[in-house]
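Given next, in structure tokens, is a single chain: the form predicted alone.
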């Protein structure tokens, strides 16, 4: 074989040979994907266990069994049961509330904006796993102050701040006449909490139309809508 031919074969071989960095990156990427899937499975199993058993009665052994992993695998992702519950709140509930603070300046009425957000919130919470988590916090929060404190920081405080901003805008525009409402923005979202609690306790006795209750509630605050 000539020197020219030898160089050609060597060049062709080099062109088809994967670089060392690429070989190392592929297994690392695969490991990361498997770890992410295991973490997602753990979070999903934790939600099912928390909802079924309550926060106090849920054990890491039960979560591991439901997720199909060894108990030790949980500690690769979470330090304890509390941090696992916090992750649930971040991934399941926080994004819903975050939409309030991400709303663009209203081009229509403030009521339209509040109604759209609150209506969507009710749809995404009532009768869903999110609603189950909220009820769990209401039921067991007093026994676990750290969990309640975390929920307040991540969810409640953000929701209250967003509602207060909308109320102040409504007052400035003359849509809301009672200026004291800005001191108690909790009033604006009260139907959501009532609906969540009612759904779990009394829905089988007296079904509640949460969306229609919201409409009546907003009529009390903004005034009844005029039909044309």
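Throughout, rigid core stands for the largest set of C-alpha atoms superposing within 1.5 Å between the two forms. Positions refer to the first chain, counted from 1. Model, not experiment: these values are computed from the prediction.
The next section is about a form of this same protein that is not shown, the form predicted in complex with another copy of the chain.
Annotation: in the predicted bound form, residues 56, 142 and 213 each come within 4.5 Å of another copy of the chain through at least one heavy atom.
Looking at residue 149, you'd find a heavy atom of it within 4.5 angstroms of another copy of the chain in the predicted bound form. At the 4.5 Å threshold, heavy atoms of residue 162 stay clear of another copy of the chain in the predicted bound form, well away from it. Among residues of the shown chain, residue 32 is not one whose heavy atoms approach another copy of the chain to within 4.5 Å in the predicted bound form.
Taking the partner from the other structure, another copy of the chain in the predicted bound form has no heavy atom within 4.5 Å of any heavy atom of residue 170. Exactly one of the stretches 134-142, 71-79, 115-123, 89-97 approaches another copy of the chain in the predicted bound form with heavy atoms within 4.5 Å, and it is 134-142. Annotation for 149-186: interface residues with another copy of the chain in the predicted bound form are 149, 151, 152, 156, 160, 178, 180, 181, 183, 184, 186 [heavy atom within 4.5 Å]. A movement of the C-alpha atom of residue 58 reaching 2 angstroms or beyond is seen between the shown form and the other one when the two forms are aligned on their rigid core. Annotation for residue 130: C-alpha shift under 2 angstroms between the shown form and the other one, rigid core superposed. Core-aligned CA deviation for residue 93 between the shown form and the other one: 2 Å or greater.
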